[in-house]
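In structure tokens, one chain follows: the form predicted on its own.
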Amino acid sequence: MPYSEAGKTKFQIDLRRHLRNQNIEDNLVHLICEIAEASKYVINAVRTGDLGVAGTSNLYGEEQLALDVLSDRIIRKRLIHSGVVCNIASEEMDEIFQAQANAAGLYSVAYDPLDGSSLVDVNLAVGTIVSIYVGCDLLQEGRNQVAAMYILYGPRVSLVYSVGNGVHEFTMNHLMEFTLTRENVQMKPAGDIYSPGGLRNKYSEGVEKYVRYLEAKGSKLRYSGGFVPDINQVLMKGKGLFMYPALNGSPNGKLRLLFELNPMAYLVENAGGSATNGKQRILDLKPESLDQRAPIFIGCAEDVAKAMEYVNGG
């Protein structure tokens, strides 16, 4: 981006303007901007909302926090009233919600409204994760996404998106507008940080050997307990790997394919990285249900390839 003559400020490019330069349909521009607008209300809820429980459970039998329920309501209402969405799936809903019956020119959205919400009471970063498909079918391979994004609610609020043409970061300014911070974020082939989820004493022998390999080559452990901030660290530093492998007693890991893995895999692959369940590409997995989970190794392509070697006994 060019600098002004005074050399002090950049000419700011806002989110809508950037999207219009991506050669995508107006409805998709409108949808992404609506989600960005909803995030302004979510961050207000995070900063000021009730930190208690809602007294309800989600699809997975997990106790819902009040912030989960409120964030879900904020985003769902915005999607419904956008006029460009037919089907909506949320990690906090038991089933797909049909906003409109006619799929012509419309999109379906799967989202995790507040990933890592249990970290809010100790003031750690959390985020919203979004996956977008053409038409009404949400249970399809992640490679069919037309857009994916996340919003990170940290010391700064940042929005990262891709429509298949690079990965771009925007930061919320004091006017609560998203302006371009980094364009065409790129991953290096390999890195020196790793974020390992799950209890290590439940790792398979192959995963344990891989962790020892990472330690031997000097990789630093950087794990916050939040999927969005950990992926953001790997992506914005352009190096490293996040993993939540299969565990003894939990062969499918913890993270959900539809709401978490597919959008993050889409973003990381568009930045030159890789994402696998240990055997095949995440974006080639076809979800059979809303609650399907899968192990994941995601980040620099060479680090992910090495993980596959160890997981498969290499």
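Please read all numbers here as calculations on a predicted model, not as lab measurements. Position 1 is the first residue in the sequence shown; the rest follow in order.
Only in words, not in the display: the form predicted in complex with a small molecule, which the text now covers.
Just one of Tyr107, Tyr150, Phe170, Phe242 comes within 4.5 Å of the small molecule in the predicted bound form, counting any heavy atom, and that one is Phe242. With the partner removed from view, the residue among Thr128, Gln145, Ser90, Ser117 that has a non-hydrogen atom within 4.5 Å of the small molecule in the predicted bound form turns out to be Ser117. Remark: of stretches 23-31, 37-45, 262-270, 242-250, the one touching the small molecule in the predicted bound form is 242-250 (heavy atom within 4.5 Å).
Taking the partner from elsewhere, Phe97 is found to have every heavy atom lying beyond 4.5 Å of the small molecule in the predicted bound form. Among heavy atoms of Ala66, none comes within 4.5 Å of the small molecule in the predicted bound form. Within this chain, Phe227 lines the site of the small molecule in the predicted bound form, having a heavy atom no more than 4.5 Å away. In the predicted bound form, none of the heavy atoms of Gly191 sits within 4.5 Å of a heavy atom of the small molecule.
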